[in-house]
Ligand SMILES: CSCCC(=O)C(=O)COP(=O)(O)O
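One chain comes next, on its own, written out as structure tokens in the form predicted on its own.
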């Protein structure tokens, strides 16, 4: 087995989710299709609720900003109180959401609605988050060794907590010391990693970041964060240069903590 020694100064392990702790297939084949298949029913059921109305108005604002884009889908404001009017508006929101998702947009408006829909699905027991088998045992071991464990994902903090709170391993939220999403900055910008270190109250070289995306790894490295690239089934392939340059692991069990000897 390949063993990667964790540098002695590392006290924090920062984890990406998709492709690192969780199979990309779970996100691509279960989480996202769930939104497209259920968004209409969800809007019809929750339309009168304040939270749903806030989601819709955020999406409408985003649609106005997107008006100049090719294929953009406008969301009309309510004109009357007719049932047809309502159905037309719901359909416009559905079309807008599907259009944004087809382009893999990460707008706050889209992520907020997705987060609320997933919350409803997870809490109703309609789905459970999947984690790679090595993740939970490794995280328990790191914590016993005194490491802090944080999550940094482009999915909202709320969505992250849902995954860890409703997983096939049960509720494992207590294994995580804190969560970061793109509100702190984008994952391909090195400044985001400095902000995370400030927020945790450590220096960037006290952090080991595990991700499957080399652009994120490179941004983290620029900020003086230690990095290992996680190679999992279903992840994007790496170039020969990337394979040579980065420390690679295929399982969290391959990380060796000097402090735990």
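Take the two forms, superpose them, and find the largest set of C-alpha atoms that agree within 1.5 Å; that set is the rigid core. Positions refer to the first chain, counted from 1. In this text the structure is predicted, and so the values were computed from the model without any measurement.
Omitted from view is the form predicted in complex with the ligand, to which the following refers.
Visitor: Counting only heavy atoms and a 4.5 Å cutoff, which of 168 to 176, 107 to 115, 139 to 147, 90 to 98 contacts the ligand in the predicted bound form?
Guide: Careful reading of the contacts points to 107 to 115.
Visitor: Please tell me which of 223, 52, 228, 31 lies within 4.5 Å of the ligand in the predicted bound form, judged by heavy atoms.
Guide: Flagged contact: 31.
Visitor: In the predicted bound form, does residue 155 come within 4.5 Å of the ligand, counting heavy atoms only?
Guide: Because a heavy atom of residue 155 falls inside 4.5 Å of the ligand in the predicted bound form, the answer is yes.
Visitor: Would you classify residue 27 as touching the ligand in the predicted bound form, given a 4.5 Å non-hydrogen atom cut-off?
Guide: Yes - in the predicted bound form, heavy atoms of residue 27 and the ligand come within 4.5 Å of each other.
Visitor: Would residue 17 count as a contact of the ligand in the predicted bound form, using a 4.5 angstroms cut-off between non-hydrogen atoms?
Guide: Result yes; residue 17 sits at the interface with the ligand in the predicted bound form.
Visitor: Which residues in 176 to 210 have a heavy atom within 4.5 Å of the ligand in the predicted bound form?
Guide: Heavy-atom contacts within 4.5 Å come from 187 alone.
Visitor: Quick one: once the rigid core is lined up, does residue 105 have its C-alpha move by 2 Å or more between the shown form and the other one?
Guide: Where the cores coincide, residue 105 still shows a C-alpha shift between the shown form and the other one that is 2 Å or more.
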